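Have a look below at one chain only, the form predicted on its own, in C-alpha cells format.
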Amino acid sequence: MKLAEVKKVAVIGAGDMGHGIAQLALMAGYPVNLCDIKDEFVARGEERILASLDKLASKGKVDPEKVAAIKNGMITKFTDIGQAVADVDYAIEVVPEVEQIKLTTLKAISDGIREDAVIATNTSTMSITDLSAAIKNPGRFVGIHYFNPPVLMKLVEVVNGGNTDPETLQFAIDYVNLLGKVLVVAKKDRPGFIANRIAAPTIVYNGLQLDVDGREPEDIDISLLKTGMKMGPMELADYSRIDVMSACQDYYHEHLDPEYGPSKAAKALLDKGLVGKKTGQGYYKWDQPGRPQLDESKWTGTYDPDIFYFIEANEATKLYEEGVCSLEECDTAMQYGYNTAGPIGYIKKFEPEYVAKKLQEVSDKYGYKIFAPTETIKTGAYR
C-alpha cells in the first residue's frame, strides 16, 4: 500500500488519544470511520474533535471551510470493528494499553479489513512483532506512536516490527510526514521504542526517591522546572495517568528487566483508585482549574537534576548500542515527545568520567544495574 492509494481511514478507539489521531487524519483530508465499544464513546469522541476544530479555526490555525467540510459528513461512527474497517485503506488501533485487548482488537481489524490494507497500532510500549501475531499478512502491520495530546504534540514514532515490510514502513513514514509531525524511526522493535524507553529508568529513579529517600513529589518537580523543563515528571505522571504509566512499567518489568517495575508510591495511589488528573488526585490534587500549585516549601535543593538527565542519556546510549536509532534521534524524541532537553546534548557539558561516576554511584546506592553506565558513556563515544 502506498500513501497515494489511501482514500479513507479507520480509527479504532475514540478516547483521549483516538479522537486526536482521528482529528489529524481529518485535517489531512481523509474521511474517518471512528469506532468504539459504545455509541456514547464514539459520540463523545466526535464532539471533542469538532470542539477542537472550532477552537483551532477561531485562532486561525485551521481553515473554516475545512472544518465545515469535516462537519458535513467526513466522520462516520461505528461500534462494530468489522463494519468500521470494511471500506478503508488504513486502520489504526488506539485501545487501552492491555496486551489482550490489543490482540483481540487487532484480530477483529485484520478479519474485517481488505487484505492489502495497512494496519497500525498506537501502542506506546508493546512489541510490534508480538502484536503482529493477530494480523493476517503481518508485513502490512507497523507501529505509529503518537504523543498525548496528538493534535498538539509534535513527535510521532514509527516502529519497524520484526515482520513489517519495507513498503509498509515507508507508508508510515510518508503518512506521518504528510501530517507535518516531527518523525523518528525505531529501526528495531524494542520495548518502549525511543522516547518512552529513555524515560523509563527515570520513572524508576524518581520512584526510588519517593520510596527509599522519602522525597516529596514537589521536590523533584521544582528541581527540574528550574532547569527549564515545562512540566515536572511527577505532574506529568498525574496528567498522563498513573495507571497508564504503571502498566507501561509493568510491561518493561516483564519484557525488558525486572528493575523497571512501578514504585511503591505509585502502587499505593492505584490501590486507592487515584490515577492523577482524571480522578482529581494523584501525586497532586487537581481540584482547581488548570495545573496544580506546587508547594515551594517542599523544595529542598538536594535533588540533582543532572542525575535525571544522565540516566536518560544512559538509556539513550543503550538504544544506540542496540541499533534502534541514532543519538540525534534520541534527543529529538525527548525534545518533541516530552518537551525536555535532549539528554545527549545535555551531558556533553560534562566530562564522560564524571557522568559515568555519577551513574555508577546511583547504581550502587540502590542496587539497580539499569543505572550502570554503558560503554558509550564510559568511553565518551557520544561526544
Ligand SMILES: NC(=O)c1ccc[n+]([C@@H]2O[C@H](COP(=O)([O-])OP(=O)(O)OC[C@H]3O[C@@H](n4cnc5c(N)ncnc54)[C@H](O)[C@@H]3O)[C@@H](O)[C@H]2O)c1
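Heads up: residue numbers just count along the shown sequence, starting at 1. None of the values given here were measured: they were computed from a predicted structure.
Another form exists, predicted in complex with this ligand; not displayed. Remarks below refer to it.
Quiz item: Which one, 202-210, 177-185, 255-263, 141-149, holds residues whose non-hydrogen atoms are within 4.5 Å of this ligand in the model of the complex?
Solution: Residues of 141-149 come within 4.5 Å of the partner.
Quiz item: Can all three of Asp306, Gly342 and Gly345 be found with a heavy atom no more than 4.5 Å from this ligand in the model of the complex?
Solution: Judged in the model of the complex, none of Asp306, Gly342 and Gly345 sits within 4.5 Å of this ligand.
Quiz item: Within a 4.5 Å heavy atom cut-off, is Glu99 in contact with this ligand in the model of the complex?
Solution: Contact with this ligand, no.
Quiz item: With the partner left out of view, is Ile81 within 4.5 angstroms of this ligand in the model of the complex by any non-hydrogen atom?
Solution: The answer is yes: Ile81 has a heavy atom within 4.5 Å of this ligand.
Quiz item: So in the model of the complex, does Glu315 come within 4.5 Å of this ligand, heavy atom to heavy atom?
Solution: So Glu315 does not count as contacting this ligand.
Quiz item: Is there a non-hydrogen atom of Val94 within 4.5 angstroms of a non-hydrogen atom of this ligand in the model of the complex?
Solution: Result yes; Val94 sits at the interface with this ligand in the model of the complex.
Quiz item: Can you pick the one in Ala51, Ala43, Ala68, Ile37 that has a heavy atom within 4.5 Å of this ligand in the model of the complex?
Solution: By the 4.5 Å heavy-atom cutoff, the listed residue in contact is Ile37.
Practice problem: Check each residue of 109-126 against this ligand in the model of the complex and list those with a heavy atom within 4.5 Å, in sequence order. | Solution: The stretch touches the partner through Asn122, Thr123, Ser124.
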